[in-house]
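Quick heads-up: the structure tokens below are two forms of one chain, split into structure 1 and structure 2.
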Structure 1
């Protein structure tokens, strides 16, 4: 069985191994044991209410209960830009015109921005290669929206995600090589790690405050602005299906796009519903196709747990769980649980919904 639960100290070794497998360029989860331990400590303090809600970091582990091992992670940063200034580039257009010469020129530019300050960020999505497919990535990503739904007062109404930008097998970024490296005497990977550690003051001290004229950059750099790393395409696809759209901002290091949505408009939130739990007697099989599964959460703040069950276990009046699933979720008969479709809408759910709006990304994306 696969269960979403809060990240624990015992997950450090498995998490470190996953970050090593992910390679360079995963900003929020570099392969650094000390940094990962600090993140776990902060997450534990957040779930246990030992830090202010605005300063919290909620990290969720995907545990394979058969292996008794963490095989994935995802997270929510309650607010960004409170202690350290949060930077992006806004892709803008500068217009110059001369009536006398009959010239009208539109020039795309990059402008340093702090627009996402005090906004909640979904982050740190990483799934072990051994568990990709079968809807596991969907569960790992979408469980966060169930948490946001039940504990909205801890987050901003607008939610965003920074997507990993284009880099090569050695972790080199075309945008960094063409732009960032001209102002910072360090490699892309070093700047990325410093940023992940929270040491972002160097950005304000060294980055130019004036607009960067995109046409003056080499073609290799221009091509990657607003594009995602090929390994990130499935994650972007999932967020687009949830209603997230490109907001015109990109990462200052690798040019990866920033996508955003408002909590009430997120597909999982709109499609979710609650049911009281009843104990299901007799044998019950969890082995059904992804399209016939629904997510179910225990709605607990400190011990949040989510798994997937067959949609057939959901009735108009209740959700029926066998004893082993109820024990894994740490719920009992009568508890009010939240449910949401894993992929397609459950026939037992509430109203139908419209398809999410088309995004501004025009490239083909891989489905999970």
Structure 2
């Protein structure tokens, strides 16, 4: 059985291994035990209510109960831009028009912005290669929307995600080469690592503050602004299917887009419903195709648990769980559980991702 639960101290080794596995392709999540331990500490404090809601970071582990090991994580940063300054570029349009000159030129411009300050961010999604497919990426990503809705007062109404921008096999970003590197003598991969270590706002302070006129950048840089890395395309279509849209902001380093949605409008939130639990007697098989499974959450703040079950277990007035699933979710008969489809019903929905969804894991850590 695969189950979502809060990240724990005992997950450190597995998490470290996953970050090593992700390797060079995901320099924004360096394999750094100390850094990962700090993340876990912060997540523990958040789930246990030991830190302010606004300063919280909720990290969820995907545990394979057979292996008794964490095989993926995903997270929610309650608010960005509180201790550090959160920067993006806003892609805006400057129109230059003159009737006398018969000129009407539109100049796309990058304006430095802190617009996402105090907004909740979904982040830190990473899935072990051994567990890709089978809807596990969807579960890791979508379980967060049920959490966001059930504990809405802890989050902003608007939710966003920063999507990884374009870089090549060597970790070179065309936008960084044309822009950032002119102000900061460093390779993109190095800057990205520094960011992940919590220095992003320091680097941002070295970046240009005045608008950047995009036509003045080389074509290689112009064309990646607002575009995602090839490996992130499945993640983008998944979020788009949830109702997330590009909001005109991009990452200041690699130009990756920011997508946003409002909690009440998120597809998983809208499609979810509650049922009281009943114990399912007799033989029960979890082994059904992804398209016939639904997510079920225990709606607990400190010990949030989600798994997927066959849709057939959901009746008009109850959800029936066998004892082992109920135990894994830490629920008992009569508890009101929350259910939502795992996969999109529309034919245009995202394919079951072959590649892991990769959002950025680049929030500066706070010392705790």
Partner chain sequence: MWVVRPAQPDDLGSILQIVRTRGRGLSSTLPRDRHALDERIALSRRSFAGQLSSEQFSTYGNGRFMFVLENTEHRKICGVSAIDSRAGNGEPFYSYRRDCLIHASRELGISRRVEVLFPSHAITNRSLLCGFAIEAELVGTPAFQLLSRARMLFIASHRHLFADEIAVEIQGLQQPDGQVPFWDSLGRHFFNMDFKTADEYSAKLSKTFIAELMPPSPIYLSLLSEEAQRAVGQAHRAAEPACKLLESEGFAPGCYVDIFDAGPVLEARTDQLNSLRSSRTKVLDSNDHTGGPDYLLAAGDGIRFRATLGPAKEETGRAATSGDARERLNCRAGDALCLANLIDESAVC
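The term rigid core refers to the maximal set of C-alpha atoms that superpose within 1.5 Å between the two forms. Residue numbers count along the first chain shown, from 1. All values derive from a computational prediction rather than experimental measurement.
Report the structure number, 1 or 2, for the form predicted alone.
Note: form predicted alone is structure 1; the other is not.
Rigid core superposed, CA of residue 98 - does it shift 2 Å or more between the two structures?
Shift of 2 Å or more: yes.
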